[in-house]
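Only one chain comes next, encoded as structure tokens, the form predicted alone.
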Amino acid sequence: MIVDSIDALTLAEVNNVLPNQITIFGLTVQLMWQPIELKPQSEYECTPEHFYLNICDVAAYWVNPQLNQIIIERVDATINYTIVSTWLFGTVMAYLLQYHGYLVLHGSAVLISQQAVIFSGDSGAGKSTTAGALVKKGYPLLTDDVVVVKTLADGTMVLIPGPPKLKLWADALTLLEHDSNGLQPVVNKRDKYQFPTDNHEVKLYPIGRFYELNPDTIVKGISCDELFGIDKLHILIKNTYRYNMLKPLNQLSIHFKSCSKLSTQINVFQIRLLRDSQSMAKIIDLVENHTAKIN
């Protein structure tokens, strides 16, 4: 079943429909569910004119950035919208957003004291788990996995919220006192699940803080260091989402300027911690104490 414009992305997932148009990360995108006529020989191709991604046994995606148009060719009709959206809302949209000059970082973010607080780090560092723990405490989720930053006319850099869900490993669900019953598995990640939340904010908010999480087997408990100057810039560049797409898009210069500007507007911290429930509690305390000091 294909329907016209859908404002709530979850409506498409619940009813298993294929929307012709969606608005996500502030961009309205036309979706076309049909065969891709001119496929590259490679599984991946990134140019200023188009983007192609082929995910084996799922779907192929072709992006026309000038028209904000994405063609999706599913392997078969059993591949539903939720499965397709795993790559649509990630790598595919990241290309389109970078093409339009947005700053796209890798992380999760929640709303604290009317500011976006971002958690970043390598895969498995605890970004989504930390965001989930804060959502459980009542702080609204802003985005998970893909962090999109827009510069307003007055120069303020704000975060554009993403879909109202987290991607959580089974052990993270246990830590947050949930289980995986009834949750949609993430197709390309064994024991990882999509965890929807009603505690979600959709407005634009300025970014206050950025935490890079670094699991460490040596450190006792948790350590937190605030970074300054070039170190702040380095952390933002390091945690860019799909950095490899910027060069073929001719966006490296714009990206560097955006990271430089953001680094002057926010506080950046580097956290080292053991991966356990006690460390998670300490991270939450640390974030809330920083909030109290700022307020």
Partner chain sequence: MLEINPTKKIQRIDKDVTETEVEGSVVLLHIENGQYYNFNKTGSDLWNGLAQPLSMNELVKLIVDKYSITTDDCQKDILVWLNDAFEHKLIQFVD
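All figures in this text were calculated on a predicted structure; none of them were measured in a lab. Residue numbers count along the first chain shown, from 1.
What comes next is about the form predicted in complex with its partner chain, which does not appear here.
With respect to its partner chain in the predicted bound form, the three residues Leu233, Tyr243 and Lys247 uniformly fall within 4.5 angstroms at the level of their nearest heavy atom.
Residue Ser260 is the only one of Gln30, Gln34, Asn64, Ser260 with a heavy atom lying within 4.5 Å of its partner chain in the predicted bound form. The chain is drawn here without its partner chain; in the predicted bound form, the stretch among 34 to 42, 247 to 255, 265 to 273, 53 to 61 whose residues come within 4.5 Å of it by any heavy atom is 247 to 255. In the predicted bound form, its partner chain lies beyond 4.5 angstroms of every heavy atom of every residue of 26 to 58.
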